[in-house]
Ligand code: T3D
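There is one chain below, alone, in structure tokens, taken in the form predicted on its own.
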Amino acid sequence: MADPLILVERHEAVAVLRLNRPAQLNALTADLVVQLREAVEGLGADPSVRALLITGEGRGFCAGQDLSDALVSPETGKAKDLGHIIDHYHIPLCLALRNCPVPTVCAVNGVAAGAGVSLALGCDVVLASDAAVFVLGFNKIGLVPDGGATWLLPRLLGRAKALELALLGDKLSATDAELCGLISRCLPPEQLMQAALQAAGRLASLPTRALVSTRKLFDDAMQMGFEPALRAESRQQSLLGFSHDYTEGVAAFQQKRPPQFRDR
């Protein structure tokens, strides 16, 4: 029996998902993308899960799309509709992550290339080993960045730096990625998973609905003016003000005790 492409382990309310093609630096195949999406959707819907942590098995995080995968590998005299493949495999995964009903953390334990960069940046909190590097590389195979990279990178880095990375294809160290705001934190390799689990555990202890609403407000605000953003915040506060977690959070604050959040 073939090894599973996604390894899942539980740490109380945190579910850890490990990409499991270490010999190929966890390069993406159609089967891996489907299994990862199913894991994100399934665990996100599990009421006992309050945060997801995604990382890679072995020495790499994700080397991007596996170009030897039959779905994308060019065949002599035969055109491949790569857009069709992205529509049916990669976009559903990107949206599953973006709309996940619990917060997501990524621990980039090694190289993140191509779609692997997009996968990492699709998570809410991104930590990386200081041995990790980020490289798009699409320019070397005649393609454009995908997986949401054209939306994410200009917003995280600004247009000039995003274009430099995309057009020249240079590697960006994890240290520089932290300095320019691409990731949350850069850590020594031996500290990465402990820090990522701590971050995911902290998120799991907080009011999930409010965290996910915050993510949505941040994303939506990047495409609207100031007053519409104010109105969107007001609508979310109206909804959350009736939640158990708001009542519990205020009561715990007033009673000087740890809150027990439970909303999803």
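For clarity, every value in this text was computed on a predicted model and none was experimentally measured. In case it trips you up, residue 1 is the first one in the sequence shown, and so on.
Beyond the structure shown, there is the form predicted together with this ligand, which is absent from this document and is the topic of what follows.
This ligand in the predicted bound form comes within 4.5 Å of a heavy atom belonging to L25. Within this chain, A166 is remote from the site of this ligand in the predicted bound form, having no heavy atom within 4.5 Å.
Interface membership of R59, defined by any non-hydrogen atom within 4.5 Å of this ligand in the predicted bound form, is confirmed. Taking the partner from elsewhere, V135 is found to have a heavy atom lying within 4.5 Å of this ligand in the predicted bound form.
Using a 4.5 angstroms heavy atom cutoff to this ligand in the predicted bound form, all of D66, V72 and A115 count as contacting. Looking at 122 to 130, 151 to 159, 83 to 91, 98 to 106, the stretch with residues near this ligand in the predicted bound form, meaning non-hydrogen atoms within 4.5 angstroms, turns out to be 83 to 91. Contact annotation for 142 to 181: residues with any non-hydrogen atom within 4.5 angstroms of this ligand in the predicted bound form are L143, D146, K171, listed in sequence order.
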